[in-house]
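One chain comes next, on its own, written out as structure tokens in the form predicted on its own.
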């Protein structure tokens, strides 16, 4: 634990609801001051902050559209000016299934924006810090396992995002910063699964036939573990979807 007045500081992207919100709550319970990032839903983000503070934790809501360079630059500048440093970056925000998403949006958000934010925060990540990339089995094992057609742009772009971040591991190691990846089966109750059920219900039902889908709480607990446990560089944590790991698929 840090002995400075601020203590450990974590930025969780896409933290106004779902997995990101639960990760923020759990990190706050572990003593982190959590920056709850949101794109548009300030009211939801404020609610997460209120819940954390009522439980005795520390949090602040900061908005930024990760796909907008100026917005992200302002976010990191604000963190730098206010806190001076960062110990943990949880790259949870993603997208691409939205009906009004522009062509190329999935790659812009799930690869380009993840890499840009990582590079922007690197100067303020302290030695011993960590970056956690949140992904899905459908993305992590892209090219090895079938992917629902409607989910393919997300799977392809998140795999590209993971590859781009893994390419930074030598530089991160020199800086004293770890990278971990958390890959999960479809997570019950998330917006991605709800959107996919509307567009391709068979894709979700086929996963449910394989076994109970992990819950948001279960997945968030593994993200919190990947944020703090001793790890090997680039270590991947898996949640659910045992069939992905039992059919010859290998970590890339």
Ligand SMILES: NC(=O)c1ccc[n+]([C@@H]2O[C@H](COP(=O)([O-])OP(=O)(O)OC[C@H]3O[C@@H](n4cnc5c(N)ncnc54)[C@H](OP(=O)(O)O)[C@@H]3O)[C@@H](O)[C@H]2O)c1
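From a predicted model like this one, the values you see are computed outputs, not experimental measurements. Residue numbers count along the first chain shown, from 1.
Below, we turn to the form predicted together with this ligand, even though it does not appear here.
- For residue 40, a non-hydrogen atom is located within 4.5 Å of this ligand in the predicted bound form, even though that partner is not displayed.
- Using a 4.5 angstroms threshold between heavy atoms, residue 10 stays clear of this ligand in the predicted bound form.
- In the predicted bound form, none of the heavy atoms of residue 86 sits within 4.5 Å of a heavy atom of this ligand.
- For residue 92, a non-hydrogen atom is located within 4.5 Å of this ligand in the predicted bound form, even though that partner is not displayed.
- Screening 165 to 173, 103 to 111, 78 to 86, 123 to 131 for residues having heavy atoms within 4.5 Å of this ligand in the predicted bound form returns a single hit, 103 to 111.
- Think of it this way: in the predicted bound form, this ligand has a heavy atom of just one of 49, 66, 226, 28 within 4.5 Å, and the residue is 66.
- Interface residues of 112 to 145, taken as those with a heavy atom within 4.5 Å of this ligand in the predicted bound form (partner not displayed): 134, 135, 136, in sequence order.
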